[in-house]
Each structure stands twice: as structure tokens, then as C-alpha cells.
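Just the one chain here, the form predicted on its own, laid out as C-alpha cells.
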């Protein structure tokens, strides 16, 4: 059994990770830390887990085989400085601290996009879990980057559920703002752009075109729907591109290329990513969908753990979706 600790277990990603790991066949949860709820039963915060665990939040990490950092962005480095972790303990960070700056002391972090870096992840001791927007966008573009086919300006619109903003309430996350509402935020400047650009270059497209990203807030709780278009040079036909994408993701247990247009409910509550490709008047149009809390966060983190410990990649992640 893999002994696991979760740092920051009261938020959305920590709670979702806890739900997955409680049902993982190879995991024993040693501790769940919190700075605000020490001694409080986990089920007081995550009420849906009543009857499934008697764990309480603590301020002690213990001696796990792997620790998941489900902390606010920018806090993981501080946590590791203040809570020395055994060198033998593996780290999976769900924050942004190590995605673009992968060195911390003697630790080197691998970017944990499983469909791109699977072999590196298998050998890794530390993982920087990708961001949710980045995951959805990269799943759509990585196959083209791998053959250096990103040469024209890329235009991205992606809409996310309210859980992507975290549990802490703000003006743009509470019900009265989100309900029956859609809005743009951080146009052209979203923080995930850096990891998207770096990863596309590393994948095989060293000279990148302009990448224009417009993030949007949706009036739903879970999921990301990404729509991407760019001019296409005609070097590969529509059939050739679709066949190539299917071959690219053939070994993935979670990413699939759909022949039919896709909709968000097809992936919510699962660790799946779906991609659909069409051509229109000299443009290629790619849509990509994920659940932001699963494939975009906690599910992908468990997938990374499975690879790091030599388990079946899909262990603990065969989840039932909600089609209606």
C-alpha cells in the first residue's frame, strides 16, 4: 500500500483528491493537513464523505511515501520550507509553484501532463501537476506541436466552471454573480499561458506563433470547454489529421478523439479528455473538454501517482460520468 499525505485538504482539489484516494485500491491515507481545521473531522468539511472516513485534519505531515500539495498558488514553496519532507518522500504539487520553475533545493520537478511525459513521470520523484486550462488546451494542441505544425496564430476561447476559482468566496464566484452569467477575465494574460507556451515548445514546436487566449467564467460548477482555431496550411488533409490524433492518443486510457461534436457533460465527473476536430474554409477548429477538478487537477494527480509507483495508470480513476 502507498502511504499518502494531503496538504491542504479543505478546498475543492483537496476534497476531490480525498474522494479518489479513499476508493483507490493501493492507497492508505496517513494524514490530511490544514492550517484552519486542526482536529476537525474531515466529514465536517466534506459532508458527502460521512460514513466513508473517520479521519481528522491535522498539522502534522507524518512520514508518507507521497505527499500531494493542494495549497493555494504560490504557497507550496513556503510549505516545503516550513515542513521539511523526507528525501524519500515523493511530491505531487497541484499548485503553480513548480510548473515553470521546476527546481526546489535538490528536487527537480517534472511537468505532469501524462499524455506527453509518461516515461519521465514513471521515473520522477517530484511532479508539477498541470493547470486545468493548460491541460484542456494542451490536449488539443500537443499533437500538432509534436510535428511542428503550429505556425499560424492560435486563437483560444475556453470557459470554466466556478470551482476553477477555488473555494474562497469572491465577487465573481458567488451564486448571484455566476448564475445565468458569462464573463471574460484575464484576456491575453492568463497565468497558464507560460506553461502552455513552454510545453508546446518542448513538445517539438520550438518557434511558436502568437497564442491568443481568452478565458471565460461559466455559469456552471465543473468542467472546461475549450475552442481553438487557426489557419491551416493544407499539408495534411482532415482525414489524415484526425487519424494522426487518434494514433497519438491511442495509448492513453483517458483521452479520446470523437468523430462527433462534443459537449461538456460527456466528461464531467470523469478523468477523461475528449477532442473533436473540424475544418472550415481553410481553418482547423479543435474543441477539447475536461472536468477541471479531475483531469484538470486531482484526477490527473492520481494518474501521475499511479505512473510514479508502477501501478495501472487508471487505478482508482474508473469513474462514472453524469450524462444528464
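Numbering follows the first chain given and starts at 1. In this text, all values refer to a predicted model and were calculated from it rather than measured experimentally.
The same protein has a further form, the form predicted in complex with another copy of the chain, not shown here; the description that follows concerns it.
Taken together, 26, 89 and 126 are entirely out of contact with another copy of the chain in the model of the complex: none brings a heavy atom within 4.5 Å.
Picking from 153-161, 104-112, 235-243, 91-99 the stretch near another copy of the chain in the model of the complex, with a 4.5 Å limit on heavy atoms, gives 153-161. Not displayed here, another copy of the chain is kept clear of residue 67 by more than 4.5 Å at the level of heavy atoms in the model of the complex.
Mapping the unseen interface onto this chain, residue 251 falls outside it, with no heavy atom inside 4.5 Å of another copy of the chain in the model of the complex. In the model of the complex, residue 293 approaches another copy of the chain with a heavy atom inside 4.5 Å. Heavy atoms of residue 210 reach within 4.5 Å of another copy of the chain in the model of the complex, making it an interface residue. Contacts to another copy of the chain in the model of the complex (heavy atom within 4.5 Å) from stretch 237-266: 256, 257, 258, 260, 261, 262, 263, 264, 265, 266.
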